[in-house]
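Same chain, two versions here, written out as structure tokens and called structure 1 and structure 2.
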Structure 1
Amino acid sequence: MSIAKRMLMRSAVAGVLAALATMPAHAGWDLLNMPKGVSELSREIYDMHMIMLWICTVIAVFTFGAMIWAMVRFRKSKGAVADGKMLHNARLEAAWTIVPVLILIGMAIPSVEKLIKIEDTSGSELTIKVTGYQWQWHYEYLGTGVSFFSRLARDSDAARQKRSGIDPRSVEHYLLNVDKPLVVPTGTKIRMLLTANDVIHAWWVPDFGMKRDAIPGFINEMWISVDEDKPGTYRGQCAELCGADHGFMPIVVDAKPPAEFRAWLEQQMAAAAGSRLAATE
């Protein structure tokens, strides 16, 4: 190898090592990879994702490694000459057909099991209808009379306007807060019915491991749950381009312990009953 080629290779290796050294230990991976989530289902989806990722990584390393080795080992500068005859090896061809089929079957069986579980809404204890609008969400707790709209928090909405004079950095959770979050109980299987009133939207909270399109004229369903020991606030976004203000349509879910949720729901039911009574007078 010439001196110039050796210097070029050393420079490339040094550049790669320097770039890796400047990367945070885990921050980059956390941003690139999907979260484990806060439910048994989301963790199962994460585990399946990681298994498939590593299987595909091993296959890619083996395949591209063989290609690169062949290109380097049998390059023209080494005196390699192309074989003008078509070679045929029945055993080799059978192997590279059967082995990928077995790998795909091995990947498909656990994947189908997870897909069935994802679609199984039986045994749910609470049903919430979610309707997407440009650009807000409407939540209805079926059978309770409780419903409300949820839209971008007013302080974020004011700060995002042109020439508002408001520094977005002064607004807590800028563009990620809503005026009324969806409230759910922890440790509960919740059935979600999704539709839309105008264009296609998509309800997505990464920590739940689930996303569904909300389509006008159709009802899609899914289920979510939050671990009993993980109450808190979880954020998401509309994940379908739905118009000019698509980027200003956040989702906020407030997961409360069952007792606190029941108290909140009873308060909302009483307020809704009072509003209906006032409307009839």
Structure 2
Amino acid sequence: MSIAKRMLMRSAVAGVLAALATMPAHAGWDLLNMPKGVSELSREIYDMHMIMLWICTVIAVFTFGAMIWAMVRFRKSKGAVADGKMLHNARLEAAWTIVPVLILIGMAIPSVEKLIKIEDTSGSELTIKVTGYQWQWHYEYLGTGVSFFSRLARDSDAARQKRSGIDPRSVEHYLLNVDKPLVVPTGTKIRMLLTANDVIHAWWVPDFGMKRDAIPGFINEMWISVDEDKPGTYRGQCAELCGADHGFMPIVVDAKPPAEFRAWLEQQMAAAAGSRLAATE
């Protein structure tokens, strides 16, 4: 390598390092895996994911190991001579057909169990109807008269305009904040009814594990629950392409202990009744 080239390389490396150093310390480098989440379902799904990941890793070690071994051991440059008579081997081929079938059966059993559990919405204590709009969510607590829209927070919306000049890093929960979050009680099985007003959307909060499409003219259902000891704010996004602002209709869920939730709901019911009264007068 010539000196000029070496200097060029060195300055390039230095440039990349400088760029890396300016990144915030709480960088997302450690975001490598699915969140375990805060619900029974999300943990079941996480476990299923990890089972699959480990099985695939073990199979990968064997298959990649065999490939690498072949590439190292049977090189022409090392004087390897081809064995032109090695055409097939019925026993070996039967083995690598049957063994994968057995592994697949091993994977299938837990996945069937979990799927049956996921799809069982019976015994829910609260039903919330979610309607997707271009580009916001509408929530309705069935049987209470409480309903409201939930859309991208103003500061995120201002910062996300093309060449807005606002640094997204200066906005709290950039693109993952709304004006009015969905509020749910912890420790409660909640049935979600999903539909849409215009095009297909999908409601997804990774910490709850589940995602389901909201389809105009149809009602889908799923259930979620938040662990009793994990009240807090959980964030997600629309997951089905729904037009220009698909990336800008976040979901924020405020999970409160049941007593607090009841108080909140009663207050909302009173407000809703008040506004209905005002409307009729």
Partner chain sequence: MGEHGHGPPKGIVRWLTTTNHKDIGTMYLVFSLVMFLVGGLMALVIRSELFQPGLQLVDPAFFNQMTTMHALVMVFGAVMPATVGLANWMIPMQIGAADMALPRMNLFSFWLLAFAFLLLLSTLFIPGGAPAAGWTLYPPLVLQTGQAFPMAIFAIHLMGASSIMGAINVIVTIVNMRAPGMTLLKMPLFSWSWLITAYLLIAVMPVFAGGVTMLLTDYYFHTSFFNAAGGGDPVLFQHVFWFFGHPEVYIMILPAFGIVSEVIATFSRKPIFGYEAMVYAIASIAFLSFIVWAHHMFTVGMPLAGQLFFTLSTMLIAVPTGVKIFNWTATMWRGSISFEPPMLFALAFLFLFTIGGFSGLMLAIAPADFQYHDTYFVVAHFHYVLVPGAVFGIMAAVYYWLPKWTGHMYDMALAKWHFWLSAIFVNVLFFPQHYLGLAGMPRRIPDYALQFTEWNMVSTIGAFGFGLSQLLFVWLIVKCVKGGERATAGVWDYQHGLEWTVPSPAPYHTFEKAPEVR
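It should be emphasised that the depicted structure is a prediction, and the values quoted were computed from it without experimental measurement. Just so we're on the same page, residue numbers count up from 1 along structure 1's sequence. We call the rigid core the largest set of C-alpha positions that still match within 1.5 Å between the two forms.
Number assigned to the form predicted together with the partner chain in this pair = The chain shown second - structure 2 - is the form that fits the description.
Q. Does residue 108 count as moved between structures 1 and 2, where moved means a C-alpha shift of 2 angstroms or more after fitting the rigid core?
A. For residue 108, whose C-alpha is compared between structures 1 and 2 after core superposition, the shift is less than 2 Å.
Quick one: once the rigid core is lined up, does residue 71 have its C-alpha move by 2 Å or more between structures 1 and 2?
The answer is yes; the displacement is at least 2 Å.
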